[in-house]
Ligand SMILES: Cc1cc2nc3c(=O)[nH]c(=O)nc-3n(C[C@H](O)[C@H](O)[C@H](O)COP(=O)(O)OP(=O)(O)OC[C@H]3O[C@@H](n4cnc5c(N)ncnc54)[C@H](O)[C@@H]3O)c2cc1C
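Given as structure tokens, the chain that follows is alone and in the form predicted alone.
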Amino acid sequence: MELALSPEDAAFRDEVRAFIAENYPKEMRVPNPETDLTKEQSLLWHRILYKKGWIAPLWPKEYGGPGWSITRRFIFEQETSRAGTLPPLAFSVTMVGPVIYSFGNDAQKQKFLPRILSGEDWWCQGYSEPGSGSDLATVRTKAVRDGDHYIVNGHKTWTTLAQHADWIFCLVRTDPSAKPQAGISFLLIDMKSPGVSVRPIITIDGSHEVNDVFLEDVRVPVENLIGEENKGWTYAKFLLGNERTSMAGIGRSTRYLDRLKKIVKAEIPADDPAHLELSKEIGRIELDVLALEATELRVIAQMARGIDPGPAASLFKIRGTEIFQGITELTHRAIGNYGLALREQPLSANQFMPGPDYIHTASEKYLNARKLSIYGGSNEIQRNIIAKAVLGL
């Protein structure tokens, strides 16, 4: 299924495809780029897109974005996803950048936005805490005003790629006496500040992707407060809306479905009952992908006419993550005994491993995908949002 395009937009789609084919770095084509690449390697494509002027499709032109229409943003996201390129760091470009240019002051925009675009600053997200995940209103990290600084103490967890980060944007409690949502502020913290420490969390697939971040008497200039004190909940909801809308993942699911079909054909004889059963389940998921894509196209068309998508972001998050989890589960089943193995170390783009290339990360991808229905607001919470916002329950 494809969006009906004008000749100009069709030409743009062809330009994007050609640019990816000619410029995506070979060294980034590793089995699992999210965890196999070093910080510098993962920034290669970011810097290429920055030079092209394509690094921030969502951003207005006045802040360094390409000034694309909603349709062209959609085309770019689909083509890069289907090509399997590693997207620019979402915490920088998709999350904190729009918060800064929407709610920050001029000094903050001038200081942070150019460095986000160029990749000079790597950002991570300080939202979740032990005991405060989907219910972010319960955050306990405190920021106490001391002259022209805040003194911050607390513990953030599941902080993705914090081991590489230069800055962290945090939800902090600045008014403990207010109602939960009313006493939170949005603070930007330099990761090099005294009192900031990072401890790795090794996930079930054996990768180091997430971390604990500890903040002990960290002095943060008041000038790093975004917007108004105690209004951070408003900015946090704005950011999460951007995050969840991007979770439909149609291009990624389509790519992994194509891969799954090849695996089933290669690994399971056509006359094996398991082949027929897996083929049926693949067909069901393929229909789910088509249905979600049709919904996404409707929303894109509405947005192009200036209509707010409303709770669609929660819908995309639920279905997009469940579909991808289903694909990774079927893939794990299809590779049979190969699924018992986990790599002991990342592979480089030129490293050889015995066996079909598709087996080397299937187990890790299956295990790692278990988190998708939890982060960004668990799917149970998203269903509550839909029940309240759509059904009025």
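Counting begins at 1, following the sequence as shown. What you see is a predicted model, and the numbers here were worked out from it, not measured in a lab.
Another form, the form predicted together with the named molecule, is not on view; read the next lines as being about it.
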_For the interface check, one of 119-127, 187-195, 215-223, 262-270 should have non-hydrogen atoms within 4.5 Å of the named molecule in the model of the complex; which one?_
119-127
_Is residue 158 part of the interface with the named molecule in the model of the complex - any heavy atom within 4.5 Å?_
yes
*Would residue 150 sit within 4.5 Å of the named molecule in the model of the complex, counting heavy atoms only?*
no
_4.5 Å heavy atom contact, residue 371 to the named molecule in the model of the complex_ = yes
*Hey, in the model of the complex, does residue 375 get a heavy atom within 4.5 angstroms of the named molecule?*
yes
*Of 303, 297, 113, 210, the one that lies within 4.5 Å of the named molecule in the model of the complex (heavy atoms)*: 210
*asked:* Can you work out which of 183, 133, 251, 311 has a heavy atom no more than 4.5 Å from the named molecule in the model of the complex?
replied: 133
_Can you list, in sequence order, the residues from 78-99 that come within 4.5 Å of the named molecule in the model of the complex, counting heavy atoms only?_
91
